[in-house]
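We begin with a single chain expressed as structure tokens, specifically the form predicted alone.
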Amino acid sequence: MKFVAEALNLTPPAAERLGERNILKNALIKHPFFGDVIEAYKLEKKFGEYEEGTLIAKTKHGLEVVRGYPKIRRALTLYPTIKRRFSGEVALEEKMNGYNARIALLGENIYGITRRGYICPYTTEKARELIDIAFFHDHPDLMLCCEAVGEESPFVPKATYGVKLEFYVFDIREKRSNRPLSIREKERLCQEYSLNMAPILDVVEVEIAHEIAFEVVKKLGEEGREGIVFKDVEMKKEPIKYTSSQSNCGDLRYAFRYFNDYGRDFMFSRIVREGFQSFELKENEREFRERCLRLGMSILQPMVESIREVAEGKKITEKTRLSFSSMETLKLFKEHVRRMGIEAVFGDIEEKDGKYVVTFERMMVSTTDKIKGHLKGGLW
């Protein structure tokens, strides 16, 4: 813990107490694949100025702090929320549907860090394959804040974007201070180093942003996409996010499929979003009924499917096909999943186009057991 104290400017006893309170947890599987890193810990919750998911690493080249990504608050109404939060111009950036990954240089190699602060083998392997290390050689103090999206995502598999797995940069930040670069500077660097970027859909004056956003969100929803993040073009003010009805209902469909594995707050907040959106859009009776049907189907249909499957003797699972470039990374990922507390089954390994392809089946144990108990007469 001595290096943690030094990195965070704490006394050694204070760093020890973080470990005793389970705020500080191991973030690294020791292996030559992560050869630059000697030890690494992550913050399980916010501590002082440091965000949840902050990584503190002791490397062969010194100490590193990679700040956690700040929580983005959500708008339930576009007007007057945007006018209250921003001035001048505001950028409308697509909120892509994947998992949050920070990509940073630790020593001589690129590392992929998940939102919770783990150094992830799968994310790291993909980042080393897909991102030009020249960016980090020229800018070692910066990190790429990305959405990892695609069908081969182990955490949020989506076919929406027509890719297996790609990283889309939504922020570039100083990894130690968490200071974000401006939208224009981010665009310049992404173009210079051929990095994918979360699309900037428009840059508009704040007075009309809500009117433009209504149309943009409607179109995104019809395409099965998630929504918008509103950003100050200079990144001096905190961004806010807003999602489409189809995205809210898609999240609910997923959550109610695995209803006992997801918190009630996750479900409740999305239903509340639907209420405010319907009100602000001044929906007529037909539009309102369509929303009610969409919402109701999102809640009941997946839950009934899960009940039927358990009644037929099946287990509730989520399946994804993943591809690895090396068998060692696959083995590391299995250990990573175990350490995260995820119960999963990996299928037989196939060799295809120089990759090791495997089915990753996440077992939704809580939901399966809950349904079994009720079908046998258990009480709520």
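One-based numbering along the sequence shown. The shown structure was predicted, so the numbers you read here are calculated from the model rather than taken from an experiment.
From this point on, the text means the form predicted together with adenosine-5'-triphosphate (ATP), which you will not see here.
Heavy atoms of Arg74 reach within 4.5 Å of adenosine-5'-triphosphate (ATP) in the predicted bound form, making it an interface residue. The closest heavy atom approach of Leu181 to adenosine-5'-triphosphate (ATP) in the predicted bound form falls outside 4.5 Å.
Taking non-hydrogen atoms only, Phe170 approaches adenosine-5'-triphosphate (ATP) to within 4.5 angstroms in the predicted bound form.
Not displayed here, adenosine-5'-triphosphate (ATP) is approached by Val229 to within 4.5 Å at the level of heavy atoms in the predicted bound form.
In the predicted bound form, every residue of the candidate spot (Lys95, Ala198 and Lys241) has a heavy atom lying within 4.5 Å of adenosine-5'-triphosphate (ATP). Only one of Ser306, Asn109, Ser245, Asn100 lies close to adenosine-5'-triphosphate (ATP) in the predicted bound form, with a heavy atom inside 4.5 Å, and it is Asn100. For the residues Phe47, Phe34, Phe324, Tyr69, the 4.5 Å heavy atom test against adenosine-5'-triphosphate (ATP) in the predicted bound form is passed only by Tyr69. With the partner left out here, adenosine-5'-triphosphate (ATP) still marks one of 294-302, 229-237, 279-287, 254-262 in the predicted bound form; by a 4.5 Å heavy atom cut-off that stretch is 229-237. In the predicted bound form, just one residue of 111-129 lies within 4.5 Å of adenosine-5'-triphosphate (ATP) by at least one heavy atom: Arg115.
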